[in-house]
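Presented as structure tokens, the chain that follows is alone, the form predicted on its own.
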């Protein structure tokens, strides 16, 4: 079976063979190649020990020697991971104690799912499939290697990996595997925040139809343990009766309309509604209103993202987008109002905010033409580089000092007053004109 790996993979396997070692391509690259999908990361497994691998190649990196992994820097400039065959000796649900093995079948036996327990020999083109992974790929079934309860107990992250794989590759989870997965869900809190976060980020950053995996999160009960804020919106309806779609369904639709190249915006879409349960109140027509849910959602999102140990930069951007999700200027707003809105939003958030707003509009079944026009208006006015911050003013504290003003709170008051003037009329933002306004109108009598 030909899988057409990079030439470097063949070269590495050939050099190891010439030294008497057996080498196989394993992991996601083999699986994806069999599915006809792009496959960039080719990992290799061999019976050579780490120090032996380093003895074969001139340029290596000790990525994880204790786990048997050596990085081989090939002629194409790519670092390929070469790992010694391993078998599990002991597991605790989070980590495994392993020892080196002698055969590829032993190595495949410690894999999580049959579709990942495939190995392909770059030189002989033999496919090793001891657990029926090829048939499961063809039948679109996700099944564990061996007894499902044992596989999940070895590493409970496999619960989340199963949900991600099933959604990403559009697979049906084998009933026996599903039952064991659901039974293992209560053990998810034993995982580290970093590992849980990375699974979510892989869904948002790699799967166009992320909703498929996220629906499985909800169906398996996985949201309750790390994403309780999201669990609260599952089943939350827009009205007491005859709601066209619940909040959770619309949230998933919004995520799917956003590209995988914008994972942070997709994360904001995922969390945009988590303030709705706390804000919900009935209106006079028998429906629901959610006054102030944006601010509540931003606060809840921050708690969730800190729980996942996300970076401060990601937390700030996601929570800001959530807080601003419905903060738009009126369609017929004059330029001064748009400039004030831009000063409040800041241009750095402009593209992502409109992406988020457009995704939410589509999820509500809105056409979005009015939104597109407002986006064009904001961009047109922004291209004029209006003075949106105090730092953009043509005067500063030194100029005020030269006019005889003493440093202190009055500096800020004067600069803010000037900023209001130039937001109304950017043509005023010239040093002499602003100093004249200060002298004639703003200096204390």
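Residue numbers count along the first chain shown, from 1. Fair warning: this is a prediction, and the values are worked out from it, not measured in the lab.
Absent from the display: the form predicted together with a small molecule. The rest refers to it.
K.L.:
Partner absent here, but in the model of the complex, which of 71 to 79, 162 to 170, 180 to 188, 293 to 301 has residues with a heavy atom within 4.5 Å of the small molecule?
P.N.:
Looking at the other structure, the answer is 162 to 170.
K.L.:
Mark residue 280 yes when one of its heavy atoms lies within 4.5 Å of a heavy atom of the small molecule in the model of the complex, and no otherwise.
P.N.:
Residue-level check for residue 280: no, no contact with the small molecule.
K.L.:
Answer with yes or no whether residue 49 is in contact with the small molecule in the model of the complex, where contact means some heavy atom within 4.5 Å.
P.N.:
No, residue 49 sits far enough from the small molecule in the model of the complex that none of its heavy atoms falls within 4.5 Å.
K.L.:
Is residue 27 one of the residues lying within 4.5 Å of the small molecule in the model of the complex, judged by heavy atom distances?
P.N.:
Looking in the model of the complex, residue contacts with the small molecule include residue 27, since a heavy atom lies within 4.5 Å.
K.L.:
Just to confirm, residue 155 within 4.5 Å of the small molecule in the model of the complex by heavy atoms?
P.N.:
Yes, residue 155 is a contact residue.
K.L.:
So which of 211, 116, 257, 325 gets a non-hydrogen atom within 4.5 Å of the small molecule in the model of the complex?
P.N.:
Looking at 211, 116, 257, 325 one by one, just 116 meets the 4.5 Å heavy-atom criterion.
K.L.:
Just one of 289, 138, 369, 206 has a heavy atom within 4.5 angstroms of the small molecule in the model of the complex, so which one?
P.N.:
Contact residue from the list: 206.
K.L.:
Within 4.5 Å of the small molecule in the model of the complex - does that hold for a heavy atom of every one of 250, 355 and 374?
P.N.:
Per the other structure, none of 250, 355 and 374 touch the small molecule.
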